[in-house]
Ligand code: HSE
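Consider the single chain below, provided in structure tokens and representing the form predicted on its own.
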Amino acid sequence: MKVSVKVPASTANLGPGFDCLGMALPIYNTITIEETVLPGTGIEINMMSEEKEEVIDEMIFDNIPKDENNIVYKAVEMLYNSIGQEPSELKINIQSQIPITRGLGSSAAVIVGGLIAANKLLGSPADETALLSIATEVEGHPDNVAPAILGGFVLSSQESDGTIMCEKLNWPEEWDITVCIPDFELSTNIARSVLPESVPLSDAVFNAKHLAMLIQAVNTKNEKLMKAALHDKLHQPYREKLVPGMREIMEAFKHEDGVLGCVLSGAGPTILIISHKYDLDKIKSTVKEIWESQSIKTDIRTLKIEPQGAQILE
């Protein structure tokens, strides 16, 4: 028996919502898990191109373990252990469409896909809450895994007792999301390493106020409030030095009517531009011009929010 699960990409933080806001986007990874019938075959993990149906060049994934240390297998093992079982021999295929180490939730997508596929193989002993808890434990925080499971725009929090709380919010359909993906990687570990262990109280208060403004702006579709809300002092100022051109891109759209804001997607280096009734071609040309001046190629896509989370493929 084998199960395939399609999981959307996700963008986290959206400026002031550090480690608590996430949004599902229509770029997908598909994870297939099959229990092999031959004993002693062990774990087989394959990374595959969704477009070409062939194994991707190993150089691209040379830092990704293909054994029991793989995050997909770790998540699956935790699920099995939670019901008192050990994983049998498994074949795990990952068809990858989500760019890796670009701040688009690629790790959250494969963790969630592996968990849901394994849960189906086991007869669905874990409910959504349990899957979210395991995925968060493996990923480290729920801001990406929550929208990967639930879809849409999600506010989430891991409480001190480990409980995961999350709430879907209604993102305005008329607000465009332009995803600007540069051709260089930025690992989450490096992006985390530049953050300070403590911040001034004034910066914490700044983010609390702007997060509240952002939630209200989304709920009321208030564009003026949203433009004021999409500012941050907890992570973007520190990560800016890791993303060439980030300051220039944000400055280029700072006073443009119709552009609600530019934010770093997750830990970066992808940049998200939120707009309404604005020339999307101008966004693309401006971003390309800035990054090309620094010899950086980019993949730019204007997307709508993905309302569906992970789905089992029949």
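Since the model is a prediction, treat every value here as computed from it, not as a measurement. Quick note: we count residues from 1 along the sequence shown, nothing fancier.
The form predicted together with the ligand exists for this protein as well; it is not shown, and the discussion that follows is about that form.
In the predicted complex, none of the heavy atoms of residue 97 sits within 4.5 Å of a heavy atom of the ligand.
Not displayed here, the ligand is approached by residue 266 to within 4.5 Å at the level of heavy atoms in the predicted complex. Proximity of residue 137 to the ligand in the predicted complex falls outside the 4.5 Å heavy atom cutoff. When the ligand is considered in the predicted complex, residue 141 lines it closely, a heavy atom lying within 4.5 Å.
Checking 88, 216, 188, 93 for any heavy atom within 4.5 Å of the ligand in the predicted complex turns up a single hit: 188. Out of the listed residues 120, 74, 192, 168, 192 is the one that sits within 4.5 Å of the ligand in the predicted complex by at least one heavy atom. Taken together, 178, 301 and 306 are entirely out of contact with the ligand in the predicted complex: none brings a heavy atom within 4.5 Å. Proximity to the ligand in the predicted complex, taken as heavy atoms within 4.5 Å, picks out 142-150 from the listed stretches 124-132, 204-212, 223-231, 142-150.
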